[in-house]
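First, one chain by itself in structure tokens, the form predicted on its own.
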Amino acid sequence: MIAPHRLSVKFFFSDFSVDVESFIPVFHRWIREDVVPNELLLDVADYKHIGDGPAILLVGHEADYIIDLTDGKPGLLYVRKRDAGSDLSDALGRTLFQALNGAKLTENDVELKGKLKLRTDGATIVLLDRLNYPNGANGDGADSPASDAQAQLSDNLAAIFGEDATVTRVANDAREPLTFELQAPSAPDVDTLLNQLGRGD
């Protein structure tokens, strides 16, 4: 399947006992020390005043890393903005790897270490490409892009997160992008997932 032009993955923190403002100096240090492979990080934006939504953004050329508090579910949201991959499977693999790597960086950060723990048993995946992956009446049906995407995601994610992993389409507003929820009760830890997804590109 064609790669979405933009794609996001959000993993949730099981324990979030830090002030979101703590991420501002952390993300600035990530920029200075160039800690993210194969990506150019540019700036940090503070939106914590919004409350229920994106709080701290690490803005990059290829992707953004966001401490997101939407629906009272703190997590690390990774938004791939360009060069996602050659097809949906490749884009998913690249996005998952970078998102999990970002989550590991937050868990192990010298200023945050021990205060955060990522859950790998669930995630939200959004195909931010309404042209190729429409959400709504024109995108439904057995052979629709939405159904094909769900089948592809289900196959790929079960191979990574465990055979009991399930992918459910979120019944959101048709004006919103196509969104899926991953549930993976038997998911391995972050390091194991990164090893499985290991990329040299």
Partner chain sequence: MSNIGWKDVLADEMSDDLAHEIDIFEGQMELMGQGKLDEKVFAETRLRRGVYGQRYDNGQRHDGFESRELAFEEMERIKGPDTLWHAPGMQRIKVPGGGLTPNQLDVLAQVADEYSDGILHITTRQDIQLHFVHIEDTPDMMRRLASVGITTREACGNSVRNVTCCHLAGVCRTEVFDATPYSEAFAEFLLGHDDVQDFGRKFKPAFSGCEAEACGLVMMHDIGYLAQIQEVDGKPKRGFKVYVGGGLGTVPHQAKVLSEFTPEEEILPLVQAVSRVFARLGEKRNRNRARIKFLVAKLGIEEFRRLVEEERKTLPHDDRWTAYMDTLPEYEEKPYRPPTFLNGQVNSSEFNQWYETNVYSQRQEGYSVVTVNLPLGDLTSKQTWELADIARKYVGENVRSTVEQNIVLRWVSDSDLPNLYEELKAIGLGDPGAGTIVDITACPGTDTCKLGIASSRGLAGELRTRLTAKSASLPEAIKDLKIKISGCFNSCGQHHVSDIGFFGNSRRSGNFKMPHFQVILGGKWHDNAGSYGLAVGAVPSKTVPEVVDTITSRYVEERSKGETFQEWIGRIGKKEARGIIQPFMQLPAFEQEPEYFSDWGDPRVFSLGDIGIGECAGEVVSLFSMEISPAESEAFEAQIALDENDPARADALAYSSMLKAARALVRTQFLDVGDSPDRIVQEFKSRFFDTELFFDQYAKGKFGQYLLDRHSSPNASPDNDSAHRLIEEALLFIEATHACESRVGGNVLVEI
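Please read all numbers here as calculations on a predicted model, not as lab measurements. Numbering follows the first chain given and starts at 1.
What comes next is about the form predicted together with the partner chain, which does not appear here.
Checklist entry - Just one of A158, A151, V59, V170 has a heavy atom within 4.5 Å of the partner chain in the model of the complex. Which one? => result Among A158, A151, V59, V170, a heavy atom within 4.5 Å of the partner chain in the model of the complex occurs only for V59.
Checklist entry - Using a 4.5 Å heavy atom cut-off, are H28, I31 and L42 all in contact with the partner chain in the model of the complex? => result Contact check passed for all of H28, I31 and L42.
Checklist entry - So, in the model of the complex, is R82 in contact with the partner chain at a 4.5 angstroms heavy atom limit? => result The answer is yes: R82 has a heavy atom within 4.5 Å of the partner chain.
Next on the checklist: Please determine whether V110 contacts the partner chain in the model of the complex, using a 4.5 Å cut-off between heavy atoms.
Outcome noted: No, V110 sits far enough from the partner chain in the model of the complex that none of its heavy atoms falls within 4.5 Å.
Next on the checklist: I'd like to check something about D164: if you look in the model of the complex, is any of its heavy atoms closer than or equal to 4.5 Å to a heavy atom of the partner chain?
Outcome noted: It does not: once the partner chain is placed as it appears in the model of the complex, D164 has no heavy atom within 4.5 Å of it.
Next on the checklist: Within 4.5 Å, heavy atoms only: does N38 come near the partner chain in the model of the complex?
Outcome noted: Outside the cut-off, so no.
Item to check | Contact segment among 84-92, 113-121, 100-108, 70-78, judged by heavy atoms lying within 4.5 Å of the partner chain in the model of the complex | outcome: Looking at the partner contacts, the answer comes out as 70-78.
Checklist entry - Can you tell me which residues in 1-24 come within 4.5 angstroms of the partner chain in the model of the complex, by heavy atoms? => result Residues within 4.5 Å: I2, H5, R6, I24.
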